[in-house]
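Next comes just one chain, in structure tokens: the form predicted alone.
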Amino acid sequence: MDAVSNPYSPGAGARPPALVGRDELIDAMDVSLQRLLKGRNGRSQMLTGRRGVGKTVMLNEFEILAESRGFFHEHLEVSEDGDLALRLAAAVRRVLLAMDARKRIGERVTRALGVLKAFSLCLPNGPEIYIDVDAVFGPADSGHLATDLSGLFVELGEVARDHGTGVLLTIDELHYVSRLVLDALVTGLHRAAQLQLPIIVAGAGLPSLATLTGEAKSYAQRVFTFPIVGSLAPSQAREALTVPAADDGVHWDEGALDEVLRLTDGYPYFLQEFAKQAWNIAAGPDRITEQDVRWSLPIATAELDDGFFRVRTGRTTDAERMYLRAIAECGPGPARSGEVAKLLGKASTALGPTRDSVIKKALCYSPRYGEVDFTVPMFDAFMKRWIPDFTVSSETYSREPVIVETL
């Protein structure tokens, strides 16, 4: 069928043509936004889940929702260096300038920018943020990040409240943030909530984020909700496939739907990739069959291997690759660290640095003590395709793995 008309859109953060199964999250955010505008508390959200489930898509939806409610918005993405404080300062600057441009606040924004300038001067590389006002010392320049971020949020929240608006900050990849900065973020939001100021954060990160946030501050669960974003239920997955096709007069055979659901387990990114390739290969003109799905399987698998899986392993060492391969050998789901060590012929303690390294690179996380799992769905199958020859010995652990490009 016509590839130009293909409605399916796999991609990082790309909105699917039919956004299904997420209404509860959107409704909860809308309630919080409206409550904040009324001077009441609205809880922030911390979306957690594995790669490819649509967390970034939800942050983008929250942005659209916030703008429809008259909020100002800034989006941040945390890099692997974990730096967030300087990015937050830059985002607050943009929000304040946008408020002034739209609402002509004048002196009130000038003061807030002065507080921000004093805040930024206490940060590493803070003077890199250009703010053409005099610093206002006192509210947010103690040098203690949690205290200062609280002061900055109060200043920003008061400006927004006094001018009938609010501020939404969306922050992606929050699992990279250090505990110190995460502590400051929770503390600052908690203070703003105590004063019922209209500031709200929607964060997203890997499954470990909820635990990290709770460890940073015991009252984090009063500031955030921690919804888990996962695979779609079968009925929702079917809707995600059939609705976009029906809009173009195309229907899916039941066997084709069953096959895609079996192959993808309802994970949104994979649904989009398999549907895209099935559409492209189908003879049509208005039908996708089970055979179309089977014929497209090698193409979809190769696309996922090259564009979704392997990009996440580009900076792994030989030792890290074989550690990942050993996890895959344990089968789907969390693996016991001791079992992984046994497969590699090593003591668990000897593998501690390798385990910590793949967790730091966000390839794995620890769902429970003594367990390790992949952050990417179906990564175990990819590792078996990528490194098909796995020999249980310490010699295998140290040698260069055999790489298989694609199916």
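Values in this document were obtained by computation on a predicted structure and should not be read as measured data. Numbering starts at 1 and follows the sequence shown.
Quick note: we don't show the form predicted in complex with a small molecule, though the next part is all about it.
Check your understanding: Out of 32 to 40, 378 to 386, 358 to 366, 52 to 60, where are the residues with a heavy atom within 4.5 Å of the small molecule in the model of the complex?
Key -> Result for this chain: 52 to 60.
Check your understanding: So in the model of the complex, does any heavy atom of residue 71 sit within 4.5 Å of the small molecule?
Key -> No - in the model of the complex, heavy atoms of residue 71 and the small molecule never come within 4.5 Å of each other.
Review point. According to a 4.5 angstroms non-hydrogen atom cut-off, is residue 25 in contact with the small molecule in the model of the complex?
Key: Residue 25 lies outside the contact set for the small molecule.
Review point. How about residue 391: is it within 4.5 Å of the small molecule in the model of the complex, going by heavy atoms?
Key: Contact check for residue 391: no, nothing within 4.5 Å of the small molecule in the model of the complex.
Point to revise | Non-hydrogen atom contact residue 327 with the small molecule in the model of the complex at 4.5 angstroms | key: No, no contact at 4.5 Å.
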